[in-house]
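Next comes just one chain, in structure tokens: the form predicted on its own.
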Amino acid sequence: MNSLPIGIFDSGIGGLTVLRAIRDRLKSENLLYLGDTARVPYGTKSRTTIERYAVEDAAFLVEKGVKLIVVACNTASAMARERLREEFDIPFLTVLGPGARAAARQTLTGRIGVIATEATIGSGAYERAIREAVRNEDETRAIEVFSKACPLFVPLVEEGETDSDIAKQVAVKYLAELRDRKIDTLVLGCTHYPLLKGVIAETMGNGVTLIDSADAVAEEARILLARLDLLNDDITSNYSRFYVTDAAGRFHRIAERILGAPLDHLEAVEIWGHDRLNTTATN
């Protein structure tokens, strides 16, 4: 069991920021990554559809043989956590809780902003998780959470527009309201958004700390695996394998830029219906 890989899934390339953090912190772990690039973005879909997509993503990783699944998609974390735990007898870790706890620890003024997809913002999951995290630290502490959906951020990242004039214009439009709220902490509530961190930081200005949940997720993954006695101590043959549901060439180019290293194994696969494991292409 210890040598089995950690499975990570996201709607597209954003979850690579989580994989990178896990790989950096847990250097001996084997990793499987699934990007559902054929159906990105998840954040504009209904709860029923998001749950179905998340179950199919998780089922693919389970059938590959993993010891832990990290849901590196904030939308799926917010909308499908309960469904996933009902369907599968395997440990799950979502990005939502670690990000909320990191924000609660960081804020000094108690004024926290959250940017995420429409589905995540509509669920209210981050606001509830942040308030719970603050209560666990200090029940008397006052907290205000201001949320903003930023639906164009995901397609900008998927198209590689992470530092363009278009990205800067969209950021100014989306984030003006949160700047006016005088927040001191901003949760990047979608794993695509850290790839826009430079643009977002420039737009928000000094005095606002950006919370990227990837590092917090990596540390919580280490703690969970240690508690379950599932850490892999063999660093001699560790590997990372990548699977996508569409646009393998584009994923390959962007992934190598994000990870700063070549991809050893990339396959395009189908994960829906009865042909979940039908391989359609290999790079």
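From a predicted model like this one, the values you see are computed outputs, not experimental measurements. Sequential numbering from 1, following the sequence displayed.
This protein has a second form, the form predicted together with D-glutamic acid, left out of what is shown; the following refers to that one.
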_Can you tell me which of 204-212, 97-105, 128-136, 185-193 lies within 4.5 Å of D-glutamic acid in the predicted bound form, counting heavy atoms only?_
185-193
_4.5 angstroms heavy atom contact with D-glutamic acid in the predicted bound form for residue 35_ = no
*Does at least one non-hydrogen atom of residue 242 fall within 4.5 angstroms of D-glutamic acid in the predicted bound form?*
no
_residue 167, heavy atom within 4.5 angstroms of D-glutamic acid in the predicted bound form_ = no
*Is residue 42 close to D-glutamic acid in the predicted bound form, meaning a heavy atom pair under 4.5 Å apart or at it?*
yes
*Have a look at 178, 154, 145, 121 for me and say which one sits with a heavy atom within 4.5 Å of D-glutamic acid in the predicted bound form.*
154
*Taking D-glutamic acid in the predicted bound form, which residues of 68-101 have any heavy atom within 4.5 Å of it?*
73, 74, 75
